[in-house]
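This document starts with one chain, in the form predicted on its own, laid out as structure tokens.
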Amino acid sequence: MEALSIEQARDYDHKRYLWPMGFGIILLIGALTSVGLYAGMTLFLFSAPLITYGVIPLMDWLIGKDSANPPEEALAALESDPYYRWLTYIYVGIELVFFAFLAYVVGTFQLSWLEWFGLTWTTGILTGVSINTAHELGHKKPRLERWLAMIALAPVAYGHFYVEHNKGHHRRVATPQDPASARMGESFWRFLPRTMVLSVASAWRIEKERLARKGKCAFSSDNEVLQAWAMTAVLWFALMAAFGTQLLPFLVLQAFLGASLLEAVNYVEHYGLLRRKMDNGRFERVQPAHSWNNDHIVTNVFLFHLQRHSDHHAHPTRRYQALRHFDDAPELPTGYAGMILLAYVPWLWFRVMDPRVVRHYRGDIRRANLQPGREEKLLARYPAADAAGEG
């Protein structure tokens, strides 16, 4: 079948003119924050968490889903359309400007503790969501985009994600060895410290081994983990030099909040899912069944189609506008924004998601990725039928 031109392929992207809302929401939050500062409306300083945890889940529910896929002959043209790349470039620029503005405000304004916390939480949401744009850019081959990915990670001090996600998570996803794959029966609050600590260790090990193969020391300037962390150090020191060392608590707390938001998304994406181990001891190839997906429009626009996660794992370098929906992929009941709220309340998360894991494995949770130490309780609650079929 003949490939389509860029002009022809554009008609197949139903969200083409919605994608700028990815950074448009940052502009909206920036406007609301400014109003809050200069009009004394403290509630507006919490605009980012209110929009992320309130407005977006509500809009997902009201507006619904779009499960349409572009035809195969349109994929190459969609991927080569520069319009989509430029949106991610613009996003990084807006992120850095807004981050510097918030640092200026926190460093130079007389703020109450509530105003300080509102701005810090809003900043953490900004930098946490921006990790998703870094994720999109970090998978691409052009060197410019890989550098932009590390720059986008600098404010949140999570530069090791660039290495661990691409070279660790994508290889080990949906296995017990992957620190970013949550286990059935594991609460988000147990997952968070595990994934944070082990992801740093994994990223360092990956780079140490890569450099050793080249005959270089782990502390070489070629170490991409050190490069990313150096960007954070330069940025933070520059901001403290400009606006005062009193910024340090703000910088540290917003970084933690931003990183925890990323890890909440990681928690949602592969909860309880497990790749089958083959006779040769290796895990089966990653399939659509190994990622939770969702097609609610608003969160997908907000996160550059991150919720079409199965196709992303099948084709990591594929650009967001060309990612496809899979009918056989496990489906979340709502978008990531709403699921993160559930993840923060473990009993509610387990009530909603554990039965979905059971159904996904047709009643046999022995095939799921179970939290060590909770296997007996889970199997007692969801007894496995010996004749369970393949899922």
Partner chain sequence: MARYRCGECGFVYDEAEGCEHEGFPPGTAWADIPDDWACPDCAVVEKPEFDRLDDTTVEH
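Numbering follows the first chain given and starts at 1. The structure presented is a predicted model; accordingly, all values stated were derived computationally and were not measured.
Below, we refer to the form predicted together with the partner chain, which is not included among the displayed structures.
Visitor: Which residue, 81, 295, 145, 224, has a heavy atom that falls within 4.5 Å of the partner chain in the predicted complex?
Guide: The residue from 81, 295, 145, 224 that makes the contact is 224.
Visitor: Note which of 319, 313, 208, 194 lies within 4.5 Å of the partner chain in the predicted complex, where distance is taken over heavy atoms; exactly one does.
Guide: Contact residue from the list: 313.
Visitor: How about residue 277: is it within 4.5 Å of the partner chain in the predicted complex, going by heavy atoms?
Guide: Result no; residue 277 lies far from the partner chain in the predicted complex.
Visitor: Taking any heavy atom pair closer than or equal to 4.5 Å as contact, tell me whether residue 282 reaches the partner chain in the predicted complex.
Guide: Residue 282: yes, in contact with the partner chain in the predicted complex.
Visitor: I'd like to know if residue 166 sits close to the partner chain in the predicted complex, meaning any non-hydrogen atom pair within 4.5 angstroms.
Guide: Residue-level check for residue 166: yes, a contact with the partner chain.
Visitor: In the predicted complex, does residue 171 come within 4.5 Å of the partner chain, counting heavy atoms only?
Guide: Looking in the predicted complex, residue contacts with the partner chain include residue 171, since a heavy atom lies within 4.5 Å.
Visitor: 209-217, 233-241, 301-309, 92-100: which one contacts the partner chain in the predicted complex at 4.5 Å, heavy atom to heavy atom?
Guide: That would be stretch 209-217.
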